[in-house]
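In structure tokens, the next block holds one chain alone, the form predicted on its own.
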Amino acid sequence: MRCHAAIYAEHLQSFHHVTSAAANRQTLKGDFDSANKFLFNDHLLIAAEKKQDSFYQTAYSYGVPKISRPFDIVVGSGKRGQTSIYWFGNYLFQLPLTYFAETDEWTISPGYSRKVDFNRSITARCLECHSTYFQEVTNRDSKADEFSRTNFILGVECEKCHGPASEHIAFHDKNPGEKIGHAILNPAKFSRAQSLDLCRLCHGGALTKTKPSFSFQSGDKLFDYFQQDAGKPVSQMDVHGNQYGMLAASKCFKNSEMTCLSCHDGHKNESRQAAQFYVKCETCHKSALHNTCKLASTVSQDYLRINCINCHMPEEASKAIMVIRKGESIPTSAHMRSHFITVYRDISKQILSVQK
């Protein structure tokens, strides 16, 4: 913060920073006062409750509290939703209710059935993508992954991408005039493979690890730490978590040297900034190259600018992030932007019809 004030301030608003945090009134989403109950049947419900300065999920049977567990850590930016986890000894478990932003309500958490329990354990691999670090203390007698309750860093923070920084800070404190970064990694200078591997750690689908979680560090070769599985067709990829796979199947990716950083700034909150991504697309899709939008002559430039990624990277239903809403038995999907860049003719027609 002392040396990189502007980037630090931007990063606090990014989805990387808020992907996990200590649970409190500032970080928690959802209603804890009125619309805070999920009724499973005529006598069984779970309520999201505030008790003094703490928050809990409590299961009631015929109005009698049976089990209550605290909100300890929130997971997810809150844009699509937010699930929460709690400590039980050195184990972490997912709470059964999740706040679902698309419908602004409490729902059954992804991965849970309609059975009321509090025992879905959280793995190190899950935490590897939703935090900077957790010290694992699992032993051979452990029933699931165990973690230190004091040695962890929530959020995807600076060191996740730039590497350990204590030596960097110590050096520059002693040498304030030195302008070249010492003992720190700059992903902007990575090779294409290094850059993609860093993002692919969390945005590359369900990777099977061959070494302990959190062993991989920025700049490493991903498949020194994970098994390289056979690739899936795009139709079998999910819009949640496998942005790399979908992007890599796109012509834009295959016909260029693009990386995730070609379009994204990992320090910033880029939500609802469709027009800015149009500018990124335009760096390659210029009239001189004869690969411009075929609708450019039929819609206004402003409309084209707003809907460029809506046409070619539409939001789709996730098969991985699905919740059960009140009164329903069929799960509802969260919608996330596809990173398979192509021509979606039906989507284009819908967008064009609105303009007309």
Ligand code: HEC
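Residue numbers run from 1 along the displayed sequence. Only the largest set of C-alpha atoms that superpose within 1.5 Å between the two forms is called the rigid core. Everything numeric here is computed off the predicted structure, so don't read it as measured data.
What follows is about the form predicted together with heme C (HEC), which we do not show.
- Proximity to heme C (HEC) in the model of the complex, defined as a heavy atom within 4.5 Å, holds among Ala144, Val137, Ile169, Ala274 only for Ala274.
- Checked against heme C (HEC) in the model of the complex, the residues Val116, Ile108, Met237, Leu201 give one hit for a heavy atom within 4.5 Å, which is Leu201.
- Using a 4.5 Å cutoff between non-hydrogen atoms, Thr19 counts as a contact of heme C (HEC) in the model of the complex.
- By the criterion of a heavy atom within 4.5 Å, Arg345 is counted among the residues contacting heme C (HEC) in the model of the complex.
- Shown alone here, Ser191 lies farther than 4.5 Å from heme C (HEC) in the model of the complex, counting heavy atoms only.
- Heme C (HEC) is not drawn, but in the model of the complex it has no heavy atom within 4.5 Å of Leu92.
- For the candidate spot formed by Thr83, Glu128 and Leu261, every residue has a non-hydrogen atom within 4.5 angstroms of heme C (HEC) in the model of the complex.
- Stretch 304 to 312 is the answer when you ask which of 47 to 55, 62 to 70, 30 to 38, 304 to 312 has residues with heavy atoms within 4.5 Å of heme C (HEC) in the model of the complex.
- Along 1 to 23, a non-hydrogen atom within 4.5 Å of heme C (HEC) in the model of the complex is carried by His4, Ile7, Tyr8, His11, Phe15, His16, Thr19, in order along the sequence.
- Core-superposed comparison between the shown form and the other one: CA of Asp302 displaced by 2 Å or more.
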